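Below you'll find only one chain, the form predicted alone, shown as structure tokens.
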């Protein structure tokens, strides 16, 4: 779950990271009022969950309240990478002497949090990593010990930060790490963290990504989700308790278990490639979880079928606690509730799989067929999608 810049900086501020005292506006008149309150030069910044806002014209300076109103009028309603700008952040202008990058993320290979800093702040960090990786200073954090002061000093020294700013920097790095841990973040990023003309450090921009799986511990953060940037199918699936990710293929996949779902997707893609079928492969990742009852199957089918690119559906269920005959009855019941106009291939394995396949075959429903193995099911689905 990604937070907007203004939400990220509000979260940083709660943990003692210095941020500008800006406010959000949804209309040009609100932008005028906020700019008047702040006084002087302000920055009008589009609030959308994507990068490249400045290059797209979504970040503009304004030297007066009237100009802020005009800039907000230009930015509100514009589209940036397909996303409509509904809010702008009005921040006080800053006297920028130098820009720094500072972030905390998870290093999955090292299995621990990673602090990164770079003197090349304000730039796309991926570009810095590609072109000049030596400019990124890294410190892994032992999760049992937390961030130690010497590690923050190592970052300050590595980016050649003026020594008189080290105390401020160490405090900001420590507070950013506390924010990262306390909110179950997967990313807490300041880009840029600027040195002002007055010799202070302030986080001019912020980006926070929260771990969806930990949101039950943070009910206060759940309302911050902006679903505009995610496919509507993913929103519907989350509300139904399904794990769904939209992909680019033409075969809808419905599987119980994340590992089995990934295997199903891999085999389907492999078969499509071997057959030389362009656009063949999985249209989605969809894990229905431990059970495959009729209501859940029906919801999953509706979500899959909402994608016009889907030409066939592959359902792969391994029955452990869930019995194959129960799944088969659930599929047939769901097909009575959902209009399915594409072929549906069902592969059942595990408990009562044979009984389940028999139920499906004897139902004699058009567009519905069973398969004994995953390879057979994926082959049938690829051929069905091909037509």
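Positions refer to the first chain, counted from 1. Just so you know, these numbers come straight off a predicted model, no measurement behind them.
Keep in mind the form predicted together with a small molecule is missing from the figure; the text below concerns it.
For the three residues 24, 73 and 79, a heavy atom within 4.5 Å of the small molecule turns up in the predicted complex in no case.
Only one of 328 to 336, 29 to 37, 344 to 352, 53 to 61 places residue heavy atoms within 4.5 angstroms of the small molecule in the predicted complex, namely 53 to 61. Though the small molecule is absent from this view, in the predicted complex it lies within 4.5 Å of a heavy atom of just one residue from 99, 287, 226, 234, which is 99. Proximity to the small molecule in the predicted complex, defined as a heavy atom within 4.5 Å, holds among 310, 271, 137, 94 only for 94.
At the 4.5 Å threshold, heavy atoms of residue 45 reach the small molecule in the predicted complex. When the small molecule is considered in the predicted complex, residue 250 lies well away from it, no heavy atom lying within 4.5 Å.
A residue is said to contact a partner when one of its heavy atoms sits within 4.5 Å of a partner heavy atom; residue 257 fails this definition for the small molecule in the predicted complex, lying far away. Shown alone here, residue 210 lies farther than 4.5 Å from the small molecule in the predicted complex, counting heavy atoms only.
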